[in-house]
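Subsequent text provides structure tokens for two forms of one protein chain, presented individually as structure 1 and structure 2.
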Structure 1
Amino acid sequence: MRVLLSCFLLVLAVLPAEAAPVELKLWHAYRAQERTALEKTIALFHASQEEIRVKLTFISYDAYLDKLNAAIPLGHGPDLFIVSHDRIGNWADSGMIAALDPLLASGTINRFFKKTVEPLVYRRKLYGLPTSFKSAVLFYNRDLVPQAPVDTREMIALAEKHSGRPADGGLPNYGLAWEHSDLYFHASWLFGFGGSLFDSAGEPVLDSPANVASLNFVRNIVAERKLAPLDVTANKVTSLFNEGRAAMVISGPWFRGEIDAQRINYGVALLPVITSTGRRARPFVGTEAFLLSARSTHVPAAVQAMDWLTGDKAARVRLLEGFQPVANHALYDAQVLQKRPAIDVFRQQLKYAVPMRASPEMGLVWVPIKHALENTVRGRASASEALAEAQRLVRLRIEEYRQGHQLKDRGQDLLPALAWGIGGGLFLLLLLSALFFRRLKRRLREVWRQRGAYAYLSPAVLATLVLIFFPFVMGLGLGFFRYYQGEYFFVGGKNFVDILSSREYSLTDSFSFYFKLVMTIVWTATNVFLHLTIGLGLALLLKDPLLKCKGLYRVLLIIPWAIPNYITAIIWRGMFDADSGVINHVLGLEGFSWWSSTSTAFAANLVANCWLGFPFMMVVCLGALQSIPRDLYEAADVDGASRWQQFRQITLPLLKPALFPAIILGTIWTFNMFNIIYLVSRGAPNGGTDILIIEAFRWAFERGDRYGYAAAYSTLIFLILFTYTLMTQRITKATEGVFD
């Protein structure tokens, strides 16, 4: 029996073990119906075979791209991920994604519309398989516009019919609404007028006559005829349409999910023909696609999964259940189109759409074009002047980007630079140790005698080093490097020299470092003054012993400080809206745009931040006032001192020890106040209300990923605040004796 058991175990040992299925990680940012449809296609894929299992991970779109950029280079990212095509150029150059040409079976891409494949090709290599495409179309309210307009003349006539303020004096209506300062939507008019962004050699041609004509067309509709809202966001477009206050809207396929279909009987149509040119409006077409991580260890399985999940069977599920305009041309048959007629409009619009470039240069035109549109629509510059400035900035950005090739060729300079930096740091440390040897020796003896106390402090010191000191040193060092194609190259002090010399702009230009510095100082000084004045005034009122319900007033007045500041910013942004904002309603400024000039936009930011900041000063002052002995005021009354004399001779001097540290902290907080400006005025007009910290953010994430330049900006901000803190402490002696 024992022999038989041994033979049986031996047979089991030599039999081939069943291979475990390959597990692929797939990241996505789909929501609602799109997410449900994707999950169903994954289930169908699992049912079709047993060798591969796909693990889905949902990541919020706000953090999606950052997580991809952080995880993939370290090998912790997904094997596959679904994303729009616009980052393909940067990711391909930095080696984050793999080209699919040698991996796909012959004829695979033939199942897709050609225009949906073109955005996925970069430097003649294919980097993705399309899932769906997106382009702008015309949505219209059938109750207001029974038939979609054929050309722009008819569109303008219909818009004029449904624009204006109603007889009862309610909120204004608009015949047309779209994000007119966004290049994605403006592309419909730009290409429709025969314009272009780049020539055949890849050079920018933003200031062409056709582009100028497209900007003048938008200005005529928005600013002159007032057929579309001047202050507009994606949320406002949605709310106007759902409230029946916008007869027509230009948007993409995602807009269908935002429409209140129970209230609005809507239709979808092609964008109209531009009457003056005879060409139909030609929007951008972008492609969402499966991309393959260059760090994937399961490439054959990943390619097999991509091929199946973009096949006709899976695409049918995404079209019918996810309401996506899929890229597979075979699915647009009579049966499908009968069920989803709106989807067919996107297929028809695709014939006139222009594939969006995937090159990094494309990412450099968005902000300059946005500013050109805003300046033209709001009358700050003519269309030709605005586009000439945009052309200058884009050329400058592209030249700087292309200089990265030269930096990459000199990559060997990085090691000597690091060696010199480390060696110089060690030499400086030894020199300082020699110069201050006695003082250092005495300090080390004191630390050793009090080592027990320092042991208790060590967790806090360690946390400070990890969370503050090390990131600060990393940011400081990053200011001496240039980022290009996923790598950093040493450039010495070039970033600091370019910033301080204002090489790219004149000193009075709104993008100049010195303009931002002056704006930041004015912003900080006015805010701190108002915070202190309002806070101290309210504290004096709440200190009055005859005041009833003081507890209730304190709770109500501290609420603005308790609410997260980004929520406060969003609320104030809505209150300053040109059409439906309560501020304009109270002041009788119907249709007035606060974001058209620097002074009014600054005032709006100031009001919002004062509402947010005065409670801190009020609490500090109230606590300090309660610590002042009543005997001093009684003695002053006996001596006949007036209220003003008591305030100047007793209250203010005794408040100084509490006020000076509060003012220093308030200055630092306000100097770096990001949320209010970024969410209220959003830098309008044309970056004129941005302060230094927001400018650093925009250089890092909105102007070609210039991380080193942004780090240099941040270092200069630190030096300014560090100098300010040392000066104020020396003058006010606010922290004197604290560390004794």
Structure 2
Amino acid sequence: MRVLLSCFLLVLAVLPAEAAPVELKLWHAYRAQERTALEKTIALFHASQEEIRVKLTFISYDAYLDKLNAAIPLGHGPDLFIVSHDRIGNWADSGMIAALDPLLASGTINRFFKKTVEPLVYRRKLYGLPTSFKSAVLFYNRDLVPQAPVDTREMIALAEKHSGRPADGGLPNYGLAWEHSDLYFHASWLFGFGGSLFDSAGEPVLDSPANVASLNFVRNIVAERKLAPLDVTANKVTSLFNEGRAAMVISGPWFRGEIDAQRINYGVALLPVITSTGRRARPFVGTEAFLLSARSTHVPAAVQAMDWLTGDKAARVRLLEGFQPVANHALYDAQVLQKRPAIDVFRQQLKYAVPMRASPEMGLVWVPIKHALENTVRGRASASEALAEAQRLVRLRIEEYRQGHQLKDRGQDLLPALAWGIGGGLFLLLLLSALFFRRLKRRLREVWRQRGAYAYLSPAVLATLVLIFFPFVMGLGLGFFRYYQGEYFFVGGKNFVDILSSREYSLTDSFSFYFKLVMTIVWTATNVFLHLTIGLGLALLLKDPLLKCKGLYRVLLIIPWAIPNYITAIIWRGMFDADSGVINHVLGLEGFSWWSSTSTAFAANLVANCWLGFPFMMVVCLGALQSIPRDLYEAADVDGASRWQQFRQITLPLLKPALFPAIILGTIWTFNMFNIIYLVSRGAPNGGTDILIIEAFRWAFERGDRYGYAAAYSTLIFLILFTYTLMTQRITKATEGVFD
């Protein structure tokens, strides 16, 4: 009877589930083979059971993390998502992801390599199930390097053999190529030299002698021996290797998918032993894993799905078809390894790998180390100086981050932020009213009389109020808050004080607010000046009524304006490349890196932005020139004025009213031009070419989620521009025409 009853209950419990399958949302950023493999595992999972359906959504890599951050807290996120482990600490702290320990059957994690599970543990809780692990290994071109080097001495010797410009004067070859300024890769050397990032107490120790030695090692290879390219991106590593111009490459498992296997006969090997320490280079190992959103409403189904999808069956597909070094140790059997011998190298490398920490503190280390590496390699500082600075910054930022705890105890969240934002907005509105409605009372009647005007205005104003003004006010308000673990805490004017007193940097440091401000002003002034000069020059040429093909020139010269600026930026970055860029080719500067000094990097940005910006000014000037009556020039001719005098005395003064609004707009746009600098110089060197708006962005997204600080930065940018506009209006009455 009891058995019968429990059977009955069981049926009851199971029935509804059968009736409507649970739909799980799974987000990922995989592309190419990895994506196909993932899709196949999902299909297999669907075939294996009926109750759960997984809806797979691809999000492009760029947007992925931001989108997760935005969507999950609002309940629009996925149930599951695949992501590399490094933000687990922040997400766990802010309650975005759920710990898995209580949900998993015991022993589940035993099927993975231990080192691949470690990065998923934060504060002793497990936050994900690993799909694959990623560590650096050595790829080599078998045609050039028949046998992979065992130690670094051998590696350097081999590299020297294959470096340099070929006899026919073509593009240079490199013995070795890797992203030398990325800590992810540099970690191999750093740990190999016996260095470390944190001590046993979890405090940063970036300036240890071993770390310094590792930086000097890199500088020796890249800058002194010139065995590896100085200007390097992942892209460039790929193309160098595929063109046979790099004999060896240090990269991760994804690199395999990018090699043109038809052209390059390549091998994969363990990273070499470091000759001076006798230790093998120890790469970071990171893990890609399924994480469970804390907001998921289908937890059991989600857990079931991730269990299955990280199981051996799915892992086999990913290994064989997605070429991923999967985390399941059971798969590395002879049969599989025969098919994918390269994968086994990753498994071996794992023995020497150092699991990457997922803590927020680790997240704060990346950028300072990157700058330290770049400054060392590019000769802007010695290794010990560079690391000392990195140590100082990381210390400061960790301290800053930890202060959040105290705030958390006080318990405040977004609501007062909103209140403050709205309050601030109202205050601003009042201020504006005080400025412009001095005689408010008398005006009220006028307001009623002119109600027709407001009717015309209302659609635009309403839309602007809701969609621009509201977020704007909120942005202003955020400047008085500090973001910590998913919540906002009121800190008053601290952010502003910190920025304006340049608390973290000396005044002349390339990261200080004032340096950025000067940089931004120089950037804006030179750009607007050049856009205007080029635009006006062309307009003067094209104005000649007897010039043939005017229309054609005009159309062709407008083209840069029509092309989206992120496309422009990416292309210019390629054109300024040190050895394959056409600019160096034309100027005979092969091998010269534009990104090593602030002035050349600035020049490169400038060129790209001028290319983008002159057409607008040209068109404005053309229109303005047309409006200058011909007879003025005739009169000046009669008066005996030279061409130059005519230009100075007639053209310029009469153009002024037309050009001022364009200049003001141009100034605002250039002041806040993001894409060009972010994508062309990328701030190199050492953030020297970053302007204020990019600095604001980096504080928000690259330096430990300091949204409040970033908002304060943005507010300052706004205030500067606002003052500028008011000043130009007051002093030059430039916009008189516009305001009349």
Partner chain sequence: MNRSGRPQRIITHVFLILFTAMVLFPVAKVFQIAFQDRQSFDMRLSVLPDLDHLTLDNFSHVVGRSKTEGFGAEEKQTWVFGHQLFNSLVVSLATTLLGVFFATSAAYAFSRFRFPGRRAGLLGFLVIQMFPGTMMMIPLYILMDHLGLLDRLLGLILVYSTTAIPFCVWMLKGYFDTIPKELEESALIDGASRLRIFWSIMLPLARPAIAVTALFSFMTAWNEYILAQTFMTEEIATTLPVMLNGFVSKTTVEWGHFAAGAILVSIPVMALFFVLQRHLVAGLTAGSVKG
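In this text, rigid core is short for the largest set of C-alphas that superpose within 1.5 Å between two forms. Bear in mind the structure is a predicted one, so any value in this text is a computation, not a measurement. Start at 1 and count along the sequence of structure 1; that gives the residue numbers used here.
Comparing the two isolated copies of the chain, the first one is the form predicted alone. In a rigid-core overlay of the protein, R451 has its C-alpha displaced by at least 2 Å between the two structures.
Superposition on the rigid core between the two structures places the CA atom of R142 less than 2 Å from its counterpart. Superposition on the rigid core between the two structures places the CA atom of Q646 2 Å or more away from its counterpart.
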